[in-house]
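Shown below, as structure tokens, is a lone chain in the form predicted alone; questions about how it binds or moves come after it.
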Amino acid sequence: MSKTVFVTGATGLVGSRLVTALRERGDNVLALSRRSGPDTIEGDPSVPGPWLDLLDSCDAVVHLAGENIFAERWSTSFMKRIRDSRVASTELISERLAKSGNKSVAFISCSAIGYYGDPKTDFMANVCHEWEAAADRVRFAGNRVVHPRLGIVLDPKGGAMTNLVRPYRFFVGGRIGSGKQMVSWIHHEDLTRLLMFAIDSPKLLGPVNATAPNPVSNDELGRAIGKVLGRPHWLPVPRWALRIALGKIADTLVGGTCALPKAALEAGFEFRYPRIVEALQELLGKSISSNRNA
């Protein structure tokens, strides 16, 4: 049976893939975007507008909107945009869903594994805690709320993967810092499927790590990229150099988080790309055997 699903951040990296998959399976998708288009509803999820009226009749709301943390260096003003784009928009949607009285609407409000940092000292951890707390009004109203905590999304269209792969294409790839920090990652296809699984699974509640079941160290990730691309993994990047190049976001990249998808697995979700080498082979369009024979 088809569903009516409202998606914020619908033209973003994750949102665009989700919208396509939902429509392909026959769902009615209401796609909110700041940019107008033939298949989207124009609106800012942080600002009240006519789009809010559409929430009342939906089966699910998937909230993906949020400033791209890789878009620019982390200035004070940009960090405020990162926070407000997540927390203020979630508060607005939560208020409307709670007031509507329609308890059948599932709220899939995305977060990130940055949640596991120390919110007293870690900016993204603080944002994630506020972000998830902003959905409490919907939870208290009796609606089902799921917080997919996204890990590093591996997608050749952009995001973190662009920065991860670029050094190897120029033969200067290597570990970052000690290389021991853990990287909790997920193939974009598995993330899309997991978000759809969250929409469809009435027993799935609360935080759900949207990460593959086999996290790797930064050094292991780099070696896997080099192996699949047929490039050396040899030039380490000191933490101080990364901080100079990228600014405050370097601390997020070097910090590392080991997050396992226990809730998703226990609910019956199956990953198509549970291991990093197989995921990279599909994403980068190469196989180890062809590299060896080249």
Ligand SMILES: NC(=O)c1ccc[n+]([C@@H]2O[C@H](COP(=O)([O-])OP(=O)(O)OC[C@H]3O[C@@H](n4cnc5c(N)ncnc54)[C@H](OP(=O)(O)O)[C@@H]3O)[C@@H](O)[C@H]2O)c1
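From 1 onward, residues are counted along the sequence shown. Source: prediction; values computed, not measured.
Below, we turn to the form predicted together with the named molecule, even though it does not appear here.
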Where does the named molecule sit in the predicted bound form: which of 261-269, 40-48, 243-251, 222-230, heavy atoms within 4.5 Å? 40-48
Report whether the minimum heavy atom distance between R34 and the named molecule in the predicted bound form is within 4.5 Å. yes
Find out whether any non-hydrogen atom of E67 is located within 4.5 angstroms of the named molecule in the predicted bound form, and reply yes or no. yes
Would you please decide whether S111 lies within 4.5 angstroms of the named molecule in the predicted bound form, comparing each non-hydrogen atom pair? yes
Mark G151 yes when one of its heavy atoms lies within 4.5 Å of a heavy atom of the named molecule in the predicted bound form, and no otherwise. yes
Give me the residue from S85, N126, N143, Q181 that has a heavy atom within 4.5 Å of the named molecule in the predicted bound form. S85
Check each residue of 1-32 against the named molecule in the predicted bound form and list those with a heavy atom within 4.5 Å, in sequence order. G9, T11, G12, L13, V14, G15
